[in-house]
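One chain comes next, on its own, written as structure tokens: the form predicted on its own.
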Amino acid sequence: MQKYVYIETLGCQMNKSDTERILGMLSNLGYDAVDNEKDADLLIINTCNIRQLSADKAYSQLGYWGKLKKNKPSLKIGMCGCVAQQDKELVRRRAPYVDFVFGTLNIPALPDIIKKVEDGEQVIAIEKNPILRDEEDGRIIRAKSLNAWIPIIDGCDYFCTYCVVPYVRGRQRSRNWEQIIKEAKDAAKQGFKEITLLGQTVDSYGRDQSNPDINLANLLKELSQIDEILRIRFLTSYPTDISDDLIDTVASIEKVSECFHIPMQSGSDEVLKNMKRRYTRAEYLDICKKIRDRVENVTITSDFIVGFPGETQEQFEETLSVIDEAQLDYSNTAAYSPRRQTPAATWKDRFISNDVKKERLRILNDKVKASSKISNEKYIGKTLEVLVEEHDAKNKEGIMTGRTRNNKVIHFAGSLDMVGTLVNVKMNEALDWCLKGEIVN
């Protein structure tokens, strides 16, 4: 009898990659993925715990699924991801109808968990010692796309005072070099044209290994030898782990895209110190300058948090000013959200009011929007190589969407047979978040 699974994925690219691996394991157990949760025999929510809003959304989804289960008692419900790893028993108290909870460190054990659930057991599988990712079953069911996510590092060693990642994903663990190469080659054989290497601090790859030749720069060089892969990206970089060799590799290896995502989090030295970020404003700016001096047409994007405990108005304005000074092309933004287990969550006497955080976030978002437009305007009149991704269904027929090497989104007139190919596009118009252009020979 055929069985069906529906997975709701919240959070970052690492969670999306985990979902692809979970689907691969479940396919070996006879489950096919469906797009409608009402058609499923098994429901799993893959959660993110970076902000409270994401955790609240996960519990809200579980509440809806609980109602579905009343009408279909055989339905099995599970939660995984960072909320599951941290909340454990709390999940069962809030949603007692949940059949299984498994953490980020337990994904390789999923087949055994599912067999127990199918036999009627309720399972909570939360390990503190990770089961190595390379012990997983090798099948991966990837989302339909030109890009394949490939995690190369799990966990993080930095323990920033606001961040829950080291507590829910563990300490840094670099994946096996050969396994990464094999996964990239398999993705190429499946028709993927681009790969993105993932890690909370992707540029730290290999630091926990005894062989100094195991590092991100050398990995990029090796992966660039795969003929079918047209482009290689990587994220997210920790500022001070960006080596000169990595910068030179991005500048010199044709297939490696000219873009760095480098979270800064605040433009204030005092806030950075309180966040336990291991660099100053000046050091971050020097890193950006070094990259721009060596890599032509590079884009540098970032992350910022507003309303960190104790952040003054003057310190917030330092964040606004650094966006211009660093010439950032785009930034992700968020209001500070206290996370259990992190030091900053205990600084309640220094918390910023929600109204102030909301207003600062609004101002910062306006700043990011303006900086994105300025960045896009630099390319007016230039011809750039674009990897055609899809038909832009939101616009009129015949309009295609693609990305430049430096990750700019481009809309232009074309045809469906261009998907998956490289074309040259002259940029004619800059919008806030994208550009418009026309194909040239």
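The numbering used is simple: start at 1 and walk along the sequence shown. Keep in mind the model is a prediction, meaning the values are calculated, not measured.
There is another form of this protein, the form predicted together with S-adenosyl-L-homocysteine (SAH), and it is not shown here; the text below is about that form.
Colleague: Within 4.5 Å, heavy atoms only: does residue 263 come near S-adenosyl-L-homocysteine (SAH) in the model of the complex?
Modeller: Because a heavy atom of residue 263 falls inside 4.5 Å of S-adenosyl-L-homocysteine (SAH) in the model of the complex, the answer is yes.
Colleague: Does at least one non-hydrogen atom of residue 162 fall within 4.5 angstroms of S-adenosyl-L-homocysteine (SAH) in the model of the complex?
Modeller: Residue 162 belongs to the contact set for S-adenosyl-L-homocysteine (SAH).
Colleague: Just checking whether residue 337 would be counted as a contact of S-adenosyl-L-homocysteine (SAH) in the model of the complex - the rule being heavy atoms within 4.5 angstroms.
Modeller: Judged by the heavy-atom cut-off of 4.5 Å, residue 337 is in contact with S-adenosyl-L-homocysteine (SAH) in the model of the complex.
Colleague: Is the gap between residue 50 and S-adenosyl-L-homocysteine (SAH) in the model of the complex 4.5 Å or less for some heavy atom pair?
Modeller: Flag for residue 50 set to yes.
Colleague: Checking a candidate spot here: are 200, 238 and 305 all in contact with S-adenosyl-L-homocysteine (SAH) in the model of the complex (at least one heavy atom each within 4.5 Å)?
Modeller: The answer is yes: all three residues contact the partner (heavy atom, 4.5 Å cut-off).
Colleague: Look at the stretches 287 to 295, 110 to 118, 230 to 238, 250 to 258 and give the one with heavy atoms within 4.5 Å of S-adenosyl-L-homocysteine (SAH) in the model of the complex.
Modeller: Residues of 230 to 238 come within 4.5 Å of the partner.
Colleague: Give me the residue from 281, 277, 193, 360 that has a heavy atom within 4.5 Å of S-adenosyl-L-homocysteine (SAH) in the model of the complex.
Modeller: Spelling it out, the residue with a heavy atom inside the cut-off is 277.
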